[in-house]
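The chain below stands alone, shown as structure tokens; this is the form predicted alone.
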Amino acid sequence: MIQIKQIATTRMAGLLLAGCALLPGATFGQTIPSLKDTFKNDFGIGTALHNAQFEERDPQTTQFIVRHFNMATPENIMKSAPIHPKWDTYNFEPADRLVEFGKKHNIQINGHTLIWHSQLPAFMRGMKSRDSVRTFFEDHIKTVAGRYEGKILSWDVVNEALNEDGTMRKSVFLDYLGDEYVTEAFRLTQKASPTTELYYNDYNNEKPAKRAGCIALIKKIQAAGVRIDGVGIQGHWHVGRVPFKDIEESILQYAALGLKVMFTELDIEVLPRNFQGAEVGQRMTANEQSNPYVNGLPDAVQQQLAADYEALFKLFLKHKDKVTRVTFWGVNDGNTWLNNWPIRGRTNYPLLFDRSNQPKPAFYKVVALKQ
């Protein structure tokens, strides 16, 4: 076993010492470059933020976030359940704080998400008519998107509307509004927030079948004369099994539609899992084998993780004329959602920084691509 924190190579260390500031939590004499500055001429570098982070409860965490990221996506606060808890009640306070955090620190905010089949308000469970669903759908988009017009960069207008085979996912919106609901969501958002970029976001939409369905969906929106600016590939992959060929083909095919391409929820799972993707309703049973690295990551896995991230960023840089943003789903390993999904309480290591905000071997591999 090795500790997650690792000293850079002599060559890298020499480069880093040339003008890089000491980070909170770093050992004396250790310096590392800023992620956002490293890729400032290539694409944005984002992260997902939870309440404690954008409320700046810990100054060192704030300093760390501001140093490394120039874009941010809220983990939960803009989803419909927390922002629209009752039929006639909205709770904008957390989202407003996030927007202020972004303005204060020059971090662009991506709104996530207006229409999603999951994390819906509890009152929607009682809806049994097309009219009630339609009223919620229209009012929610107009109210939420309209409030943040001119204040955020973009919206994930619709999230995860597709099945793995590329067909439309069964949801309350499909059931009551039909398969035109995605186009209509973009139409309403465009009207409510005309200066905001509008994206479709999904997981596994780099895979051929789901990609084909995603492309068909995008073309349908475009054929209706409705604006769609980009597509998000979430990027929830597994160490040693990152589908590089499918990812590259997806970048090319989505860009050919005139869209911006972004990687919106990037992490690389290192723990055992018997399925791929990010369907939040899926679960696994905890057992002896499900949480094997509680005391640290084996060197072989650590190095494979680093190699996967290096190869990914090589691919992103190859297509930097098409890729506009790379957002990690979490600031560090301690607050990744993968610690609690699909099994609660696991010790996961899917990001570039460890639980103490120290850079991992993957971080050094990634920034070395620009040295």
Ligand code: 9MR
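The structure displayed is predicted, hence computed values, not measured ones. Each residue number is its position in the shown sequence, starting from 1.
The same protein also exists as the form predicted in complex with this ligand; that form is not shown, yet it is the one meant from here on.
In the model of the complex, this ligand stays beyond 4.5 Å of every heavy atom belonging to Glu197.
Within this chain, Arg147 is remote from the site of this ligand in the model of the complex, having no heavy atom within 4.5 Å.
Contact between Glu75 and this ligand in the model of the complex is found at the 4.5 Å heavy atom cutoff. Contact annotation for Ala209: none of its heavy atoms lies within 4.5 Å of this ligand in the model of the complex.
If you check this ligand in the model of the complex, you find a heavy atom from every one of Ser118, His236 and Trp337 within 4.5 Å. Proximity to this ligand in the model of the complex, taken as heavy atoms within 4.5 Å, picks out 155-163 from the listed stretches 155-163, 97-105, 182-190, 220-228. The listed set Leu174, Val280, Ala286, Leu257 contains one residue whose heavy atoms approach this ligand in the model of the complex to within 4.5 Å, identified as Val280. A heavy atom within 4.5 Å of this ligand in the model of the complex is found for one listed residue only; from Phe54, Phe43, Tyr309, Trp329, this is Trp329.
Residues of 77-116 placing a heavy atom within 4.5 Å of this ligand in the model of the complex, in sequence order: Lys79, His112, Trp116.
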